[in-house]
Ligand code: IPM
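Next comes just one chain, in structure tokens: the form predicted on its own.
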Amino acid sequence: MVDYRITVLPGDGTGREVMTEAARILDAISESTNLGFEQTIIQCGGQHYLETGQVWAEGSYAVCRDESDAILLGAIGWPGAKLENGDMAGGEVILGLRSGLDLFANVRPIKLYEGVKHKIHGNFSQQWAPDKVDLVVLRENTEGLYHSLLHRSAASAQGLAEYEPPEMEFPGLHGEVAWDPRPISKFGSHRLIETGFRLAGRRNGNPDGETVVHCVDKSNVTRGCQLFRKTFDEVALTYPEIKAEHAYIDAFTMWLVRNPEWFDVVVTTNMFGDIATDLGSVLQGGMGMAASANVGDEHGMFEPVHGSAPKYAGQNKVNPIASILSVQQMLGWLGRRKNDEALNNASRVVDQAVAEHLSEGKQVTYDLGGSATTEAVGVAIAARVKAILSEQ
């Protein structure tokens, strides 16, 4: 049996519930293959801070950095859990790991599965056809508008001195002023964009059959985006076989909803990617379906896009599929990294199991128009994973 070390960070609220179902998928794979997963659970986040006075136990960052083949995260954030400096308790977990481990690419697939309904104007409908929605957004993860918070969180996670940006003056502004720098570097832009083009080369194109990478920015206004677009154009020249397109973020949000079939791979800056992918989740059935990967050259952390949803915590009702699809991304990333076809196959099987489960439509959670519990969905998909693997 080949063992991979997975550090599990359940986090807050419903994150703890969906991570139980993510672990169930890994267990199903281990029981049906020669793959083993050594799962180390580290409690962390806002709830843990309120209970213990610590965001996570001392040495946890080092475990993630030095003793993990991959990291699974549930969700971070809890009402009333604030650090003395006003930051969210638990931020040093998610943001500290993103910055400290240099997880520069946030990879968010937006894929609609057969049978998934969308909640539009309060009613469930099937406005988009599954064959029209299949794209991936790559969001730069370590720079941009969140740069100061990221580095402050990374410093806290590693026990270093707190990072603060330099002072600046803003002519024409009066009274109290709060500001955040938005640094965008050529180096950071290049490696994200390069990752996007390489990913496009592995995909089958957009639903219209084109292999295309879109650069989404606001280069008509901001200097950081001008550098981002200039870098995109330079990288695109080295991939003549892949179509390169541009879109301003405001127009992109309209086209994303109106014509999702135009898009294959999208690369964009930190804040724009954060906002646009939450909008894009509507195309796939909501945040309960939205998985993500945070990857760098050496490390990877995988998490559902949704938050901790405190009002639903402990009710066994939230959708675990985003966390299960985050496991699917993790398996594929590890498979490519370790050149392990068994992992690649497991990734494909999890995707197949989710697709079959949703197409059947018998057990879905409230956000998809059903009433199934978190556990029931996780158990059903895990059983399907085992069934598919046993038939291979």
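Here the structure is a predicted model, which means the values were calculated and not measured. Just count from 1 along the sequence shown to find any residue number.
What comes next is about the form predicted in complex with this ligand, which does not appear here.
None of Arg98, His147, Lys111, His214 but one reaches within 4.5 angstroms of this ligand in the model of the complex through a heavy atom, and that residue is Arg98. Contact annotation: of the candidates Ile76, Ile321, Val267, Val318, the single residue with a non-hydrogen atom within 4.5 angstroms of this ligand in the model of the complex is Ile76. Remark: Asp102 does not count among the residues lining this ligand in the model of the complex, judged by a heavy atom distance of 4.5 Å or less. Taking the partner from the other structure, this ligand in the model of the complex has no heavy atom within 4.5 Å of any heavy atom of Asp87. Under a 4.5 angstroms non-hydrogen atom cutoff, this ligand in the model of the complex lacks Glu245 among its neighbouring residues. In the model of the complex, at least one heavy atom of Asp274 sits within 4.5 Å of a heavy atom of this ligand. Relative to this ligand in the model of the complex, residues Ile94, Arg139 and Glu303 are all within 4.5 Å by at least one heavy atom. This chain is displayed without this ligand, yet in the model of the complex the stretch 139-147 from 195-203, 230-238, 246-254, 139-147 comes within 4.5 Å of it by heavy atoms.
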